[in-house]
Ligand code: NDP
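Below sits a lone chain in structure tokens, taken as the form predicted alone.
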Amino acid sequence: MQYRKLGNTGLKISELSFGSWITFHNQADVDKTYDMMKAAFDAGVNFFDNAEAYALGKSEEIMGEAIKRLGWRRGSYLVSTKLYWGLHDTPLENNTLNRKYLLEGIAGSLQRMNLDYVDLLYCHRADSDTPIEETVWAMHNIIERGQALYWGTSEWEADQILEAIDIADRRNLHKPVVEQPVYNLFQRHRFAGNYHAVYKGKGYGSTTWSPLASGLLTGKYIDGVPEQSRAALPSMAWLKDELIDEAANERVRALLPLAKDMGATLAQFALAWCLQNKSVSSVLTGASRVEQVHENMKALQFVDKFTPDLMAEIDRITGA
């Protein structure tokens, strides 16, 4: 495992990390979660990602119980959570980044995870109804209270991130240091355009999610939806049309020979490709069983195999 600096912070984060979206509680109980987190940690992963909204808080509970069983020294790993959607459908607690919700939300997350603090706390989406200055102050106060060590954004527009940084700088507050954007061979928009001012100009870090495009870039959906796959879950029906899209799967089929020539699975190829972007601090992986963790970690051996000609061919196939 190699480690990269998380933006301009002093943190060194594993190039591959491990996230809980969809799988914890929905596909993995505490025992499976324990096995997968142990396998990831043993492979050198030191960052584990979660969110309040995942399985309506159950994902945090499962991760917290697994961490307790694993007995890791707290200084040896990073853990995150994210706030925005809330667990209760009220105007004060739903789809918001208001001060009241954020201060109460972090307290709930820490209780569910049985932690004194999280290393990273993300604003899971931007909130157009709450002034960014209010959110910046609340996140600053959370850090000052020791409930989080750093804060960041997820799926924010570049201008919103830059405004938050500017407010923090002018008020001498703890500023956001990391974005969690979608990023894969088919979705690159969060590193284009105005985002250059965020990553290059401000030295922002990034922990990217969906490197396999929700499983599309494994090739498993070329011939339809397999049983036990993510798209077969009733709760993920909204994703099915995207995963069986004929045009997208034609591009997947065209990428398969490139991965084969490298000696990688398509999933390993797609994960390793993400790490070609030096603005990527860490690539979040997911799994529903320990064997997938082991397979994902093998992607690291292919990171230095991407020649300029190969990158150009990938761009031609994907239409980048």
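Position 1 is the first residue in the sequence shown; the rest follow in order. Fair warning: this is a prediction, and the values are worked out from it, not measured in the lab.
The same protein also exists as the form predicted together with this ligand; that form is not shown, yet it is the one meant from here on.
In plain terms, the part of the chain that comes close to this ligand in the model of the complex, with a heavy atom within 4.5 Å, is 278-286 out of 248-256, 65-73, 38-46, 278-286.
Residue in contact with this ligand in the model of the complex (any heavy atom within 4.5 Å), chosen from Asn141, Thr218, Asn95, Gln147: Thr218.
This chain is displayed alone, yet in the model of the complex one of Arg188, Arg125, Lys202, Lys240 has a heavy atom within 4.5 Å of this ligand; that residue is Arg125. Of the heavy atoms in Ala267, some are within 4.5 Å of this ligand in the model of the complex.
Not displayed here, this ligand is approached by Pro211 to within 4.5 Å at the level of heavy atoms in the model of the complex.
Of the heavy atoms in Ser14, none are within 4.5 Å of this ligand in the model of the complex. In the model of the complex, at least one heavy atom of Ser154 sits within 4.5 Å of a heavy atom of this ligand. Shown here without this ligand, the chain has Gly19, Ser20, Trp21, Thr23, Gln27 in 12-27 lying with a heavy atom within 4.5 Å of that partner in the model of the complex.
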